[in-house]
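In structure tokens, the next block holds one chain alone, the form predicted on its own.
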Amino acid sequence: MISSLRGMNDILSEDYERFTYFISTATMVAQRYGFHFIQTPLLEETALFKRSVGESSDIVGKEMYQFIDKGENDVCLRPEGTAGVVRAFIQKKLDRAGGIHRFFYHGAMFRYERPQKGRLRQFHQFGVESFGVDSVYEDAAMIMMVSDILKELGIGYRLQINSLGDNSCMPSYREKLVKFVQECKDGICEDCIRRVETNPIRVLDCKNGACQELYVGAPKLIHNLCSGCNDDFATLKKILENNAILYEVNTNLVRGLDYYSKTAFEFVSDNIGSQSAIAGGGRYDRLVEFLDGRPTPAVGFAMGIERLMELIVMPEIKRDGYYIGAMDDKAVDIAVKIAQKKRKTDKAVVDYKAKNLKNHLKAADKINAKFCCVIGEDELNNGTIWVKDLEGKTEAILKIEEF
């Protein structure tokens, strides 16, 4: 027997219902905010992610599904969604067109990492990217959008925010941080030793407990912001407070790549174990320029769908549609014809096998149909159909034209 690859799961039955409910809910909220759907390819040039995510990251260094295709192109399955959207934004010359462009997307991403609960090798993300707005109010709108999605899904959360500064304040802070880490270099893990050379701000995000104890006294970026970044962060907090969005400042919340700046945020849940992040995002004003586009302010977020599946509170499922069956083989054709007409306005499912009424009622109940509609020999002769409302528990015999 051939099985699915490790970390690549099927989505069936109840999981499918939760999955599609998430997509429809998140889509509805994004459209309320004026965002439009974009779909990018699953397969991209590897160079796109090396330049955007960064060669020093674990994603590019260890986790990408990368190969040389038959045209000798170095390609990979996308490990995240933002880079592809930025590539499309530049390729379509939207960076040169100016104006504001707001997109949302959802789809499969791929990372070769150790599978665990809520973390798969093929996983799905819902993401949002906004281009052309340099106001902190757009950052706040991203946060409020995630909050609205989670509330619609009945998912509780804690919001953490931080500021990553900009070109005015980040370089001098990085020097202070590197100096601090080098003074305690003997006690830090190998990952942090590597990060201090390639991506120093990422040491603050280290999951090693011993490292975190050493970094308690590290200089905090939040205390080294220039006046512009400081004012923006104060404004962000005020907007969230004015809109009843609770938050906590996490000075260790970082993104670590050069194109990220100012706002960073993460939504966490206490109900999914140690891997608690359920959504995250921030401002990346320099990424379009990094990928050879015109400098364009941008901000966005992404949500891992599998991580949220068990937390979703599903609405009460109501009976829906028509089950249409035959008690006589001669009635199957008319049942199919009736169902096809019903499908112009309603959901209709046909059972092609002739059975008795009791079994038809069981089958209709199994698919949660609202109406069980059956044609037997008498109905066939009289041009009628027997209809039972499974919700209201009423029944009637109707002329087929009337039905």
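What you see is a predicted model; the values in this text were computed from it and never measured. Counting begins at 1, following the sequence as shown.
If you look for the form predicted in complex with a small molecule, you will not find it shown, but the lines that follow are about it.
- Go through 297, 200, 118, 293 and name the one with a heavy atom inside 4.5 Å of the small molecule in the predicted complex. Selected option: 118.
- Option touching the small molecule, based on a heavy atom within 4.5 Å in the predicted complex, out of 289, 113, 328, 175: Looking at the other structure, the residue within range turns out to be 113.
- Item | Candidate stretches 240 to 248, 317 to 325, 80 to 88, 147 to 155, one within 4.5 Å of the small molecule in the predicted complex by heavy atom | In the other structure, the partner sits against 80 to 88.
- residue 302 near the small molecule in the predicted complex, any heavy atom under 4.5 Å? Flag for residue 302 set to yes.
- Message: So, residue 143 and the small molecule: in the predicted complex, are they within 4.5 Å at any heavy atom pair?
- Response: No, residue 143 sits far enough from the small molecule in the predicted complex that none of its heavy atoms falls within 4.5 Å.
- Query: Wondering, does residue 312 line up within 4.5 Å of the small molecule in the predicted complex on heavy atoms?
  - Reply: Contact check for residue 312: no, nothing within 4.5 Å of the small molecule in the predicted complex.
- Message: Test of understanding: in the predicted complex, would residue 169 fall inside 4.5 Å of the small molecule by heavy atoms?
- Response: No, residue 169 is distant from the partner.
- Message: Quick one: 123, 279 and 307 and the small molecule in the predicted complex, is every residue within 4.5 Å by at least one heavy atom?
- Response: All of them do, each having a heavy atom within 4.5 Å of the partner.
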